[in-house]
Every structure is written in structure tokens, then in C-alpha cells.
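The chain below stands alone, shown as C-alpha cells; this is the form predicted on its own.
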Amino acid sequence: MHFRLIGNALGALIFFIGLSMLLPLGVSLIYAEGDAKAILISLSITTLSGLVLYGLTRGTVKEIGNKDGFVIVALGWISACLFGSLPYLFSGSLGGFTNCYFESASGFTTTGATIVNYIEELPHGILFWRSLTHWLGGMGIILLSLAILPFLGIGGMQLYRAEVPGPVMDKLAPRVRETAKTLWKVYVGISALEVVLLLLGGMGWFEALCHTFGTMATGGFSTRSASIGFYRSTYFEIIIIFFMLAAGTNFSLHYQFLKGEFSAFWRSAEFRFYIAVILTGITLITLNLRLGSHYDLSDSLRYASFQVSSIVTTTGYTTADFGSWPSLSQCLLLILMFVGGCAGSTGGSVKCLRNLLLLKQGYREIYRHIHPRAVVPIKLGGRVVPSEVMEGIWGFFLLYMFIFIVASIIMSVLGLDLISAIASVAASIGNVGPGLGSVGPSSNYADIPLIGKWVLTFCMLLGRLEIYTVIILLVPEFWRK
């Protein structure tokens, strides 16, 4: 393992995080609300730290191994969350270090869980930084660095493997850096389109940018305590639903569509499963709201459509307090927290592709009990899925559920009621944000005990980095030669 190489890459990443603080600094100067000094100090510390680390580790080996890639990605995200917490800490907006790191981790991992009680009271510069961390974390800090920081100068496939979410990677170009650039061009282009459409609907430029950052990253930080429900606008809800669904779709499909392959979406078995899950969820919750609450049919469909899209894509925006909905609707939303977006999207959780393949394997086992001599391979899109892929998916799923159970028990020990404990962990490891009970859409994570916040922060990182990237660092064998 090349520790100087790791330090060199981390220095570049930290330096980039510092440079990105120029944007909220500009916003802060425009609104002149007193947070510019805190952001400037944070920017200075972060860029200087990155430059020093990068300078001290220059001239190292250029070949990067698998182990190096896992360490760089894991420590890169931990470092991003650490330095990203500085604007909150120096501005005094969120209180102590634990709250600041929690909010920063929630931003970069695109979870959207918050400890802020009155969001409107935060200065605009801090609000902008809060949303910008979503957008940077959405497509991945490492992926962005591969695209625009050529002075990293290291082989990128190992970083790409550790960073890109999902069990199957789509390389759109022969070189990893070209792939990263392609993905980011699509990401930026779709983001720009959403900003324009929100502006056309009458939303101000600041809020349009912030809500676009939260939508495209499937993050969910809003500039309003009532989230999207504040606007009471069907137009905004339709626009955001569309872009949440786009962000939860494999970005390679967007690229293929833009190249003229208009059937790319329908050819994808995962995308068809993704849409089927969303439509089924919307139908069931609409009926439950209509029959079990005071909503009429149009409102039931409107609220169900937005909330199902938000939960499945792990965005976490809200237009209604679903914590007060009938039990069936709440139960369905909790289940949908374990579905997630498509592989290769900015969505979190288990991912549709894994869920689809697990269902296929379940069906195959039932079929083999009926026909013991039958040889029934698992296929996806007409291709046989290799056994090693299925083994990896089962390993991921078992680890995911094991961590979910253990973390839920810990949260229960810390004093949370059963629903709140389960929902807080499901929403954190799935990078969803709002949960149920005391962490529902009408509340937040401010009252979670100190240890609980660190447990949930760890869950956020595990979820964003697909479990293995973090867990592998805790295995002694990883550090042996």
C-alpha cells in the first residue's frame, strides 16, 4: 500500500473542497449576513491543508492498487465531511462539532437528515454551502476529481470501482477520466435544465439552485423548514418529481438517450422494475389515503406521487407530514426506503438492480423445488448473470441488513422508541433523510443523543459508499501485505 500516494490524492481532494467554498462565499457577500468571515476562514484552512498535504507527498509512485483506491475513497469522504463542517462550526449556526459533522456528512452523503430546527434562520451563505455539499456528493467527489483535477496523475479505475454506486459499473468511455467527464456533463446539463424550469415557475434564483442541488443529488436539503410543501405549488412538485426520477435513473441511460438511443430506458430491465415499483407504491398509497384519511382523490394522488418518488429515489423532500398518514401508507414508505434508485444513479439504499436480482433468485429457487433437475440461470436483459455477481449481491444485502439491525438495536438502547429507532437507521443507511416517529418529516434529528448521531453518521457513510468500501478497512486482513 502506497501511503504517500494516498496522502497525495487526499491532499488534492481536500484542496478541491476548499476551492468549492468560493461559491458560498460569493453568496454570503451578496446577502451580507455576517457569515462571510466563517466561510473565508474555512476556505483558507481547507485549501492550505490540502496544499500542504499534497506538497509533502509529491513525486510518489503513480501506480495505484485496489487497496489504495479503497483507502482514498473512504478517507476522502471522511475528510470531505470533516472540512465541510468548518463553515457550520465557525459560524456557530449549528452548535457543537458533533452537530456540524452530522450535518456535513448528511450533505455530502446526500442523506438530507438535519438537526436544524428553523432552516429559514440560517444565513444564505451557509444554506448555499449546505445544498452545494449535496450536489458535489451526488455524483461523487472522487469522480469529480478524476474529471477535472488532472494533477492527481494516478490510475483511476480503482477509485472508480470504489466510488460509483451499484453492483455493476458502466464504463462509457475507454479511459476512466473520460467516463467521469461524460457523467458530469450529463449531471450538469440536467441540473441546468431543472434550474431554468424552476425559475420559469417563479422560484427565486437562490432557492432554484439549492433545490436543484438537492434534487439531482437525491439529497433533500431545502431552504425551507416545510420543504417543498412550503410553496404549495403543483407546478414545482411536478418538476421536482420528474427530476427526482431522472436522478434516480442510471446516468448511463441518460447518456445513451442523448446519443439518440431512444429505447435505452425501456430496454433496461432495472429501469422497468424501478418504474413498476414507483407506480405500485403510488397506487397503493393513493388508495389508502383516499379511503383512510381526509384527502380527496386528487390530493391523495398528488401527495402519494411526490412522496413515493422522493422516498424511492432517496431524495427525502416532503410536501406533507406522512408521519400522520394511515399506518399502511407509513409501512409502505418504510419498505420503499430499502428499494432505492437504479445502479449508477445518485440514489442510495439497496438499489433496484440488487432487489430485482434477489427476487429473480428467489423465484429460481421456488422453480427448482418444483423441477429439481432443471438448470435455470438468472438472466438480466437476456444475459446470464455470473454467479460471482450474485454472491456479491447476497453478501452486500446480508451486510446491509446486519448493520441495519445492529444500529437499530443501538438506537433503541439510547432511548428511541421502536419506530423511531428503525426509521432513523433505515433513513440514514439508505441516505433517505426523514424517517418516521421522532425523526419524521415534521421533526428532525436534533434530539438524537450524541452517540446516536455518530452511529447514524457512520450509517450514512456506509450507505453512500456501498458498505464494502468502509467495512473493508475494518478487516485486519486488508492491512496485511
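When you see a residue number, it is the position in the sequence shown, counting from 1. Source: prediction; values computed, not measured.
One more form of this protein exists, namely the form predicted together with a further copy of the same chain; it is left out here, but the text below deals with it.
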(message) Check Leu332 for me: does it contact a further copy of the same chain in the predicted complex (non-hydrogen atoms, 4.5 angstroms)?
(response) yes
(message) Using a 4.5 angstroms cut-off on non-hydrogen atoms, would Phe97 count as touching a further copy of the same chain in the predicted complex?
(response) no
(request) Could you confirm whether Leu416 comes within 4.5 Å of a further copy of the same chain in the predicted complex, counting heavy atoms only? (result) yes
(message) Since only the chain is shown here, I'm wondering whether Trp266 would be in contact with a further copy of the same chain in the predicted complex (any heavy atom pair within 4.5 Å).
(response) no
(message) Please tell me which of Gly202, Gly362, Gly92, Gly189 lies within 4.5 Å of a further copy of the same chain in the predicted complex, judged by heavy atoms.
(response) Gly362
(message) If the cut-off is 4.5 angstroms on heavy atoms, which of these, Ser387, Ser298, Thr280, Asn117, is the one near a further copy of the same chain in the predicted complex?
(response) Ser387
(request) Heavy atoms, 4.5 Å, a further copy of the same chain in the predicted complex: which of 353-361, 101-109, 126-134, 299-307 makes the cut? Say which one. (result) 353-361
(request) Could you list the residues in 364-386 that come within 4.5 Å of a further copy of the same chain in the predicted complex, counting only heavy atoms and keeping sequence order? (result) Arg364, Glu365, Ile366, Tyr367, Arg368, His369, Ile370, His371, Pro372
